[in-house]
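Next up is one chain by itself, shown in C-alpha cells, the form predicted alone.
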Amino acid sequence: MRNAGIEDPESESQIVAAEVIGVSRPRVALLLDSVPLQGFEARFEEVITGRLRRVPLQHLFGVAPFLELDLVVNGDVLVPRPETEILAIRAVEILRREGGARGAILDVGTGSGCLSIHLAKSLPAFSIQAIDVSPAALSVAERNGAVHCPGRIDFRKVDVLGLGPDAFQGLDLVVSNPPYIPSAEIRTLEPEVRDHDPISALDGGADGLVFYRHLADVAVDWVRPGGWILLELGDGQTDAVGALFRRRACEVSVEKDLSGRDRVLIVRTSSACAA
C-alpha cells in the first residue's frame, strides 16, 4: 500500500479489518488470532485492492462519519471532512447563543446533506432548506435525511449561480461548503479527491472564488438584519473572500481548524449592510 502512495498503510489495514469484522480496532488482532472469520479474507482483499487504486475508504464501505452521523456517500458527493464539522458546530453554537426559538436556514450545495442534517437534529424548531445543482447528490442527501431526520429538510434542485437577491428573504442563516479549488489546481489533488469526488463540488473557477463572489452579491439580501452567513474557506482565501463580504457585511471574522488554518468565514449582517 505504501508503494501506491498511501501514507499509513498499517493504520489503514487495521481500519479495514475492523470495519469488515464490525468491531473496534483494539479487538481486531484478538479476533483474527482466535477464530477463522467466514468471508473475512475475501472482503478484506476486496477493500485493500480498492485502496491500491486510491478509492477512498468511505466509498469502499459506502458510509462516512460526520459528527454524530453515519452518512451514505458515493462518487456523487464530497466525502464529509473534519473541517466541515467545524462549520457545522459553529453554526449551531451561534444560533443557540442567539436564543431564537425558531427560524430559517439555507444550506447551499448540500452534497451528502451533512450540514443540513446536523443542523436539523441540533435545532429542531428551525425550518431548513437544502439546495444542490446535482440531482445525483440530492438523491444521496435525501436518503441520508430520511434516515436521520425524516421530513425535516426541504431538499431542492437549484443552481445557486442562477439565483438573484430576491430568491429568499428573512433567513437566519445561510451555510455552505462551496466549491473553492482553483480549476488548475484540481489535477494536483490527491487521487482520492481528484478522481473520486465530483469535480462540480471542487471546482471554484479560475481563482476558486466564483461561488464566494456570487454569494457575496446575493446572500446578504437573503438573510435578515443581524443574521448570519457561514462559509467554509480554502487555504489562503481569507483576505479575498473577507473583502467580498466586507463590501456589504458589517462584521466578518474567521474560525480556524485544528491545524491552525483559517477555515470558516463568519459574516453577520446588519440593517446597514443589507440595505
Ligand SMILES: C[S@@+](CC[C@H](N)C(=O)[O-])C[C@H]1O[C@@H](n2cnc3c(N)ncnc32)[C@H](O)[C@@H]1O
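Because the structure is a prediction, the values reported are computed rather than measured. The first residue of the shown sequence is 1; numbering continues from there.
Beyond the structure shown, there is the form predicted together with the named molecule, which is absent from this document and is the topic of what follows.
- Note on contacts: among 140, 171, 91, 160, the single residue with a heavy atom within 4.5 Å of the named molecule in the model of the complex is 160.
- With the partner omitted here, the residue from 78, 105, 95, 120 that has a non-hydrogen atom within 4.5 angstroms of the named molecule in the model of the complex is 78.
- The shortest heavy atom separation between residue 86 and the named molecule in the model of the complex exceeds 4.5 Å.
- By the criterion of a heavy atom within 4.5 Å, residue 133 is counted among the residues contacting the named molecule in the model of the complex.
- Contact annotation for residue 128: none of its heavy atoms lies within 4.5 Å of the named molecule in the model of the complex.
- Mapping the unseen interface onto this chain, residue 177 counts among the residues with a heavy atom inside 4.5 Å of the named molecule in the model of the complex.
- When contacts are defined as a non-hydrogen atom within 4.5 Å, all of 109, 114 and 201 contact the named molecule in the model of the complex.
- Of the candidate stretches 160-168, 144-152, 120-128, 186-194, only 160-168 has residues whose heavy atoms lie within 4.5 Å of the named molecule in the model of the complex.
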